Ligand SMILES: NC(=O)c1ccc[n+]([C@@H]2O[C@H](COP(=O)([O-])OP(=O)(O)OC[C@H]3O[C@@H](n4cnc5c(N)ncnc54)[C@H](O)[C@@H]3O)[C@@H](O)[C@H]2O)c1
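Before any questions on binding or motion, here is one chain by itself as structure tokens, the form predicted alone.
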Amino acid sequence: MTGRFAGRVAIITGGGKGIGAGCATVFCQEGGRVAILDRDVLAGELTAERLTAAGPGMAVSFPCDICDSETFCRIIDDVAVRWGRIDCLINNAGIHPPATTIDDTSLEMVEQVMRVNYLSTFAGAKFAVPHLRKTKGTIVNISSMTAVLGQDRSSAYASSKAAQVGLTKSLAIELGPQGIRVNAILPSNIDTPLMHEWAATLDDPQSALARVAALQVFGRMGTPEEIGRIALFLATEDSSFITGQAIEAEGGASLDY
């Protein structure tokens, strides 16, 4: 088997759809073995079947709610046993609540967003590190440009994404001497189901999506596979001297901010 990730293993949370599926696609195209963790069982299975059929790599779906830390840990260990190694963890799974003012944002909502978007990232790293030490592997955290720019009526979401960046930098310092690199990708506007779900909470979803597309200098949103190619770069020796970085994959959207 050939490819830039041939013979190696990646775990991708939320890998059934959107950016996660884009990452899984790229890693499989480069010969990798990919464990797709997703609470959407059907989406995970369909994506795994499609990628395995296309080859040259393969994907296996593992039903998993990343907020269930016991199951999350067990599946990571199961992947290591199944394929004998783990080379990369991509913490991608996340939620974006409807646009909500701070007055209407309950503390329960904040806790839920932090649990899914931040605590699961921390947990995934914690559970994967013992395996990554053996392979001198990598962690890639999918954050968001909202971590540095903010977003109107999305204080809980933006805060959770900023927390991922802080974790990325701290873990890079801690784990670097052990040979583990940790980086984050900060996408701007990517054409994913999550983007469409967010737009659906607004008064005019189609106009909102058009405005979002126009923010990039290319006049379009990015694709999940474009983020996947950045993740592949960060997971291979091509980025061997890069760690603790928050890579802003934003299509120029912030240049004339």
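Residue numbers run from 1 along the displayed sequence. Computed from a predicted model, the values in this text were never measured in an experiment.
Here the subject shifts to the form predicted in complex with this ligand, a form of this protein not shown in this document.
Could you tell me which one of Ala200, Ala210, Cys67, Leu42 places a heavy atom within 4.5 Å of this ligand in the predicted complex? Checking each option against this ligand in the predicted complex, the one that comes within 4.5 Å is Cys67.
Would Pro187 show up as a contact with this ligand in the predicted complex if we use heavy atoms at 4.5 Å? Contact with this ligand, yes.
Contact label in the predicted complex: Thr168 to this ligand, heavy atom within 4.5 Å: Thr168: no, not in contact with this ligand in the predicted complex.
4.5 angstroms heavy atom contact with this ligand in the predicted complex for Cys23: Output for Cys23 is no: heavy atoms all beyond 4.5 Å of this ligand.
Quick check on Ile19: any heavy atom within 4.5 Å of this ligand in the predicted complex? Close contact exists here: in the predicted complex, Ile19 approaches this ligand to within 4.5 Å, heavy atoms only.
So if I measure heavy atom distances to this ligand in the predicted complex, which of the stretches 49-57, 26-34, 228-236, 191-199 falls within 4.5 Å? Comparing against this ligand in the predicted complex, the contact stretch is 191-199.
Between this ligand and Phe122, Thr138 and Asn183, in the predicted complex, does every residue show a non-hydrogen atom at 4.5 Å or closer? The answer is no: none of the three residues contacts the partner (heavy atom, 4.5 Å cut-off).
Contact set, 84-99 vs this ligand in the predicted complex - heavy atom within 4.5 angstroms: Counting only heavy atoms within 4.5 Å of this ligand in the predicted complex, the contacting residues of 84-99 are Asn92, Ala93, Gly94, Ile95.
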